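Form predicted on its own, single chain, as structure tokens, below.
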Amino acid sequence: METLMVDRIHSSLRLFMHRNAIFLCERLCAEFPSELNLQLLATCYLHNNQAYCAYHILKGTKLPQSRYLFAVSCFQMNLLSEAESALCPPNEPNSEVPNGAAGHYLLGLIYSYTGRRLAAVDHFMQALVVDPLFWAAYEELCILGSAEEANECFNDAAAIRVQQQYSAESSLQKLNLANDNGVLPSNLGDTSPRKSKQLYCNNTRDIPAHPYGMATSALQQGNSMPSSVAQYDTPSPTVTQLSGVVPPPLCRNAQIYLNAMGGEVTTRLNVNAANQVPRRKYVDEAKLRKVSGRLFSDSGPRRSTRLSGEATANTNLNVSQVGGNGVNHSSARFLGGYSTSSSSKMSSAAQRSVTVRKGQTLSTENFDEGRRHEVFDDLLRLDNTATTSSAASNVADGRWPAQDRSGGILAQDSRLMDGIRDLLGLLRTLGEAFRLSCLYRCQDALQVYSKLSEKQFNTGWVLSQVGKAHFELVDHFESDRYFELARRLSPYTLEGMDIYSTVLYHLKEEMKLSYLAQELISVDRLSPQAWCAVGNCYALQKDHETALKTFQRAVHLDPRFAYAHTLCGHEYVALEDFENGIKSYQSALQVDERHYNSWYGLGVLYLRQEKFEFAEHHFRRALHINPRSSVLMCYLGMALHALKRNGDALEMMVQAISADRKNPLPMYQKAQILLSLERYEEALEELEHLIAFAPRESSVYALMGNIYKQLNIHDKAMFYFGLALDLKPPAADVAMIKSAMEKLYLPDELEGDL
């Protein structure tokens, strides 16, 4: 009973029938209370997003797997200190972290969220050492800015470790399978058809006494759990658990059938041979499956009642039970392993239909007992013939079976190693590109992404990463193009859509932004990315209060979503609520201290408050994280200029222009600094160059008019002031320009107005 319940629970989890799995597992724990069964129940609850249930079930448990599942439930409930204590008990400082790479990864996340960066990096590295294919650990290292080059992580040494792990796991599985079926380990290398059938059958008498061992962690193994009970290390029911009739084994074949029947089958065949109709070599599979199903369904008390009138010495009951159960599930699998000729014969026989008249007794409802044995005898004879002919061909070619096996093993190992190298090569390219992106070396990252094959490049994740790289390069048009491609290929993907909405905000694509927000809400209205897109819609319409509410909703949905905190800060600054703006930016930095946007937001806020030393500090922190940002260099130069450090400010503006020659802001600020230094000709030259990039920017013409005013060239000053007004500047700028035009011939009064 325990075996079947465990198998049904795993099957329900695999099919995402979580409520059914929880119900059955509760019955399992009630009938067979043990900590391992509690692990399975907690796993069911975690799959059903009920971490609080798993928390209460596993609290106080001691087994490593229980501690891991308890830590997962604590992590989902944001009880980080309890999760850490479960993975690393304070009273056991030298205890091993449960579940290897997964345990180290979870512990790394806990340390990262609690601000212990060095410890987090150490555990992410240990996770990669245990499992070189653990991409999520490398991704977190990149986000923390501490990842090694991908060539160092996904190299040949990693390939050898993966091969060793795979070989060890494969050997362990074969050994467990052999022990489950009573096969000696020395026979594992025998790959003949007969040995293969013996190896993969289920001898329920020899299954270990534990229901599922350490394999109950569905979080570690994912949802793709095999249905075979042998892979769960599950036992057969004990004698006290049997209720009159033994449940059918879960994997059967004809060899087990004949071994179970022993000499009795041969005797019955010889006795009935004279009374049987001519031998029928092929059997209707559909009928076989139907009859065996009836045999199993009737194996309860009702069947015993039907057979009560028969002689007790008759052995048909045992034969029917074993034969019916043996054919019920494995007939198609067993018959499918033979030669093409036998398969064609069987498929032709399967087309026949046989009707069973209602009211027949058990012996007549089933097809003739001797005929059934003849069918299996023929099948085994076909197996022996195929094996003999294969062996004969090997001898004729000068090859012995042992040589074939060794050659096959070498070929298999070679194919395995090639596959591992190919996978590591792919991870090496993706990992290096992602690492460069996290270091904001976006141009280098784009070059690495371009090395991917067309199949890998045209995926939602890669295209979103390329779009992000172009966004960091302030190339919004290219970013829009790649994000749009990503949306076409993966319209259900939400990762990166918050950045895409910001791209559309900068491009002032109001209609596209509104459509994107509606699509994201329809995909998942509980995702922070969707509400960030909605907030950017309102921000583009200057409705800052509504935008702030939507960004706050994104924060409530995921408090660890740093960009939502930052967008809240931007809206507070727009509403001139600087105190709450500072709190929002600091909340973002508590989630991710490398989120340079928040450092930049704090710098802008302090710059507006004329706290220039604070502004300089925060701009430098942002620039340390993203040292190639032209915008950050420009704002740092503005802070230095406000501190009267014009030489440093001018040098910073030159660096900003070199970093991005298409960015007009550092050119304009450089002209401002040159004007303050009374280097009018250089300032005019810079502005003339700027007009080529921003021909419709009114502030550029207004500044040129002011410079010509300082040079006492009044006609040109009036001309450029007029151009500035024609470009419809903001209302505040209009007032300043008109005032400058009115005071054009009053230089002392005009000074300081622009």
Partner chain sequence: MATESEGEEETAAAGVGGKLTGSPQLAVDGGDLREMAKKAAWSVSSCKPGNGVVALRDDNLDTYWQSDGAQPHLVNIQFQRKLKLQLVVLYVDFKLDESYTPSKISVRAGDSFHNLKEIKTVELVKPVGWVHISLSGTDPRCVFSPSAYSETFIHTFMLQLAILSNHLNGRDTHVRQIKIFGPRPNPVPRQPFHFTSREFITYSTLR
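Numbering follows the first chain given and starts at 1. Since this is a predicted model, take the numbers as computed values, not measurements.
One more form of this protein exists, namely the form predicted in complex with the partner chain; it is left out here, but the text below deals with it.
Peer 1: Residue-level question: is residue 735 within 4.5 Å of the partner chain in the predicted complex, judged on heavy atoms?
Peer 2: Because a heavy atom of residue 735 falls inside 4.5 Å of the partner chain in the predicted complex, the answer is yes.
Peer 1: Contact with the partner chain in the predicted complex for residue 596, defined as at least one heavy atom pair within 4.5 Å: yes or no?
Peer 2: Taking the distances in the predicted complex, the answer for residue 596 is yes, it comes within 4.5 Å of the partner chain.
Peer 1: Although the partner chain is absent from this view, report whether residue 551 comes within 4.5 Å of it in the predicted complex, heavy atoms only.
Peer 2: Within the cut-off, so yes.
Peer 1: Applying a 4.5 Å heavy atom distance criterion, does residue 152 contact the partner chain in the predicted complex?
Peer 2: Contact check for residue 152: no, nothing within 4.5 Å of the partner chain in the predicted complex.
Peer 1: Within 4.5 Å of the partner chain in the predicted complex, do 476, 668 and 703 each have at least one heavy atom?
Peer 2: The answer is yes: all three residues contact the partner (heavy atom, 4.5 Å cut-off).
Peer 1: Among 714, 27, 696, 689, which has any heavy atom within 4.5 Å of the partner chain in the predicted complex?
Peer 2: The option sitting close enough to the partner is 696.
Peer 1: Could you spot which one of 544, 621, 161, 116 gets a heavy atom to within 4.5 Å of the partner chain in the predicted complex?
Peer 2: Filtering the options by heavy-atom distance leaves 544.
Peer 1: Residues in which of 74-82, 561-569, 421-429, 137-145 have heavy atoms within 4.5 Å of the partner chain in the predicted complex?
Peer 2: Looking at the other structure, the answer is 561-569.
Peer 1: Only counting heavy atoms and a 4.5 Å limit, does any residue of 659-673 reach the partner chain in the predicted complex, and if so which ones?
Peer 2: Those in contact are 660, 662, 663, 664, 665, 668, 669, 672.
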